[in-house]
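Encoded as structure tokens, the following chain is the form predicted alone, with no partner shown.
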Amino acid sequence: MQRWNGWGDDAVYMDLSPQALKLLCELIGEGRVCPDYPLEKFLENMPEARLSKHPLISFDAKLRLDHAHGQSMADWIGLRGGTLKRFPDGVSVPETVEEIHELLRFAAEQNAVVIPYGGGTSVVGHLEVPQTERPVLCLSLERYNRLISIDIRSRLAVFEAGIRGPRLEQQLNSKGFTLGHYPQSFEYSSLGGWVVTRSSGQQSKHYGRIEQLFAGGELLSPQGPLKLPAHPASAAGPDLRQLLLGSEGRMGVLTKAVVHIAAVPEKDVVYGVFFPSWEEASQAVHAIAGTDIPFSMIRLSNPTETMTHLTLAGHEGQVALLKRYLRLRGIHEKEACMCLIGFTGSRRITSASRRAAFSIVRHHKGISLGKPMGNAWIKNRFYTAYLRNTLWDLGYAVDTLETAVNWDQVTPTMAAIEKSIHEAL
């Protein structure tokens, strides 16, 4: 069962090692534990619905609470602290396009605000219920989640937009294909959500960002349908698909999505590398990115993040041996930078790519530790989000920062962000 006031499955819990807790205390002090606002209080104080009754709409208080927020820091504070005050007046979970059409007709008749809802993982606030005198209807697509068709020759798949990441990949994998789109929220986010938020995945360098994977689709609005056929290319005017990408539900309800798919790769491997300094590490990554080496991902951590990752790993004995080995190789703990480099494709291509990339790594004094670190990352990449629950219970609030800058601004931006955070704490 999904946790009502946190992240993910309430049966999953990530322990924090004593070493990690000690590090937190040293860096920012002891956590301040605050009692959670009780679920019962939310349900007791749920305001009366302003929508007229409809057979497709539920007015259940718990359902309204569950669909009143995303996963941003503001959402967590509202849920955990009891300050969340605005809720949808009703929630509908349609299973057919006809039901979606009927709900939009009803919403127009009621002059209601409609909030399309995919997996509820948004961190940018577009699931927040607006302050308005108009009734608010949340339209959840969680049951509108089927694979409609696959065109093997064109390598296109058509899905109902509410399908979530694991189910989508399961459907494609069973037929020898993959979409290859893996955002951090993969387990709970939906295909439609990826499209309307311009999602980026962990291996988008290989498979493409969602705007490259999205080939067409269908949208329903109170004014009627909009169909966007999956044309391979066109030089005739603007691309109307750009209206949907990043629209965050403002254009209507994305009901179907046509996406480019790829064959399941023969090899999909990630290697762990350590560099002796940020300067060498960033230069190596810049050099690899500037070549035509077909890597699928690079994740570089600065010394602070590297230390944090190693501490969170919890395997004290193994980490001690790793640090000793790095020292023997001339890499000191306080300056070490961890890097994960992924390669995806055939055995021949991935082997050639690895040799070319590691030649650059060695030139910048990097040391490869093989695949164990990469395998551990692949195994746990969607579980680190559960640390938000653990840390909150210990009195620490966790949020993420994401930005994009040109190469010449990478190091200055990183330094400025770290300086601001340290001064604020």
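In this text, residue numbers run from 1 along the sequence as written. The model shown is predicted, which means the values in this text are computed figures rather than measured ones.
Missing here is the form predicted in complex with a further copy of the same chain; even so, the following discussion is about that form.
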{"query": "Joint contact, 156, 294 and 356 to a further copy of the same chain in the predicted bound form, by non-hydrogen atom at 4.5 Å", "finding": "yes"}
{"query": "One residue of 246, 276, 135, 82 in contact with a further copy of the same chain, assessed in the predicted bound form (non-hydrogen atom, 4.5 angstroms)", "finding": "246"}
{"query": "Contact residue in the predicted bound form, chosen from 312, 352, 150, 298 - any heavy atom within 4.5 Å of a further copy of the same chain", "finding": "352"}
{"query": "Partner-proximal stretch of 157 to 165, 74 to 82, 190 to 198, 316 to 324 relative to a further copy of the same chain in the predicted bound form, 4.5 angstroms, heavy atom", "finding": "190 to 198"}
{"query": "Proximity of residue 407 to a further copy of the same chain in the predicted bound form, heavy atoms at 4.5 Å", "finding": "yes"}
{"query": "Residue 175 within 4.5 Å of a further copy of the same chain in the predicted bound form, heavy atoms", "finding": "no"}
{"query": "Contact test in the predicted bound form: residue 122 vs a further copy of the same chain, heavy atoms, 4.5 Å", "finding": "no"}
{"query": "Contact label in the predicted bound form: residue 286 to a further copy of the same chain, heavy atom within 4.5 Å", "finding": "yes"}
{"query": "Interface residues of 211 to 246 toward a further copy of the same chain, as seen in the predicted bound form [heavy atoms, 4.5 Å]", "finding": "230, 232, 233, 234, 235, 237, 238, 239, 242, 243, 245, 246"}
